[in-house]
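What follows is one chain in structure tokens, specifically the form predicted on its own.
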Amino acid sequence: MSKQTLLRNVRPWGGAPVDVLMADGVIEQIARNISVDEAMSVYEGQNQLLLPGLVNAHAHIDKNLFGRPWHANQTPEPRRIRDYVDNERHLRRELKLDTRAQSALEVQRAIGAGVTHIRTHVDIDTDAGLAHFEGVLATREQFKEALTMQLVAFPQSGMLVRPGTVELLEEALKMGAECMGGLDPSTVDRDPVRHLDTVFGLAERYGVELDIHLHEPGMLGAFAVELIAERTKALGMQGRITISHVFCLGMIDDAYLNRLIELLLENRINIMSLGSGASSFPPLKRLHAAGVTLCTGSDGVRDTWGPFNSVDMLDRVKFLAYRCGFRRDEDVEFLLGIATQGGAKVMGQANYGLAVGCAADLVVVKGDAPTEAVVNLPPRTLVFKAGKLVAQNGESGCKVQDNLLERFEDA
């Protein structure tokens, strides 16, 4: 019989206090005053909030500058996507960044912040080849007991405009990427039909998800959404497509937006939004009310693109709430829902949640209500992955080492 872990006196989503019994990586029982057995590992929740593990459904863990001297952002004007990409490629060579080390540093911080699931895009281009992907693969293996990670083979520098990139992307899919990435089919690759045919073709051939970064504005971006929906329907890939950023949904008139929402629903296409910077972004409550699956993430953290993002998904929810103009608890909790259940659904985590039989991926945090935790951003008191303690008081028990994953000893 496997060893049981008991978490005492916690309040799921701010509700009434209960105990949570975990065994074999899942929640076995939720009830008041569960009897303690001397063989159990017991942790005291101190009447704090209990949330499911936080989900970062859009990260770039190969890009950060953690552990490096402060980098003053000097991306040259006019600061288009290609300018950020070119500047990043130059600085990576200059700084001689080790992708495995950098990604491990970010994951360690994320675990401490209560993140139990990450979908990360990994840059693949003809300069670096598969080096970044290999580094992140090693990080995924290193932290596999503390974090669920999906990898996206991502053509950040463009695909058709850099011959040889398609072959590298295909190799990454063979090596274990669960998701194919795409990027601005018109403004980066200058050929939306061929770009989308290529990324959909690879995703279909290898049976993986497809996640397309779409920064293209207004009518141009909206046209790309139509093209994506057409291919999703033609290939029978409903429920396997995510469009990330998709600023255009916040730029078009209501009639066109309603038309696109119908296409998203018909093809079960997910939308990822960060509320980034000064950009327009999708009307999240309207999409949610219509039934569109939503998720969010950190994007790149402390990298050459900018210094502001955080590994903490409660901080992302706070930022999104500010940008949306939300003040009511119910609206902030709606956003917290997309940083938990929404992201888990996009990542295909069917056994996610706070119910008996769900994976025991749990976060204990101070606060009378979930919104208070979002506002105050307290350290995560306890973080469990598959019923095992992986972080305590904001500190991950997973140390960055070459060949060893250290964990907290059972209490």
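Given the structure is predicted, the values throughout are model-derived calculations rather than measurements. When you see a residue number, it is the position in the sequence shown, counting from 1.
Missing here is the form predicted together with a further copy of the same chain; even so, the following discussion is about that form.
- In the predicted bound form, a further copy of the same chain lies within 4.5 Å of some heavy atom of Thr75.
- The closest heavy atom approach of Arg79 to a further copy of the same chain in the predicted bound form falls within 4.5 Å.
- Contact annotation for Gly236: none of its heavy atoms lies within 4.5 Å of a further copy of the same chain in the predicted bound form.
- When a further copy of the same chain is considered in the predicted bound form, Pro69 lines it closely, a heavy atom lying within 4.5 Å.
- Only one of Thr198, Thr187, Asn309, Thr232 comes within 4.5 Å of a further copy of the same chain in the predicted bound form through a heavy atom, and that residue is Asn309.
- Proximity to a further copy of the same chain in the predicted bound form, defined as a heavy atom within 4.5 Å, singles out one entry of Gly277, Gly164, Gly176, Gly207, which is Gly277.
- Checking 49 to 57, 22 to 30, 339 to 347, 368 to 376 against a further copy of the same chain in the predicted bound form, the stretch whose residues place heavy atoms within 4.5 Å of it is 368 to 376.
- Contacts of stretch 306 to 334 with a further copy of the same chain in the predicted bound form, defined by any heavy atom lying within 4.5 Å, are made by Gly306, Pro307, Phe308, Asn309, Arg316, Lys318, Phe319, Ala321, Tyr322, Arg323, Cys324, Gly325, Phe326, Arg327, Arg328, Asp329, Asp331, Val332, listed in sequence order.
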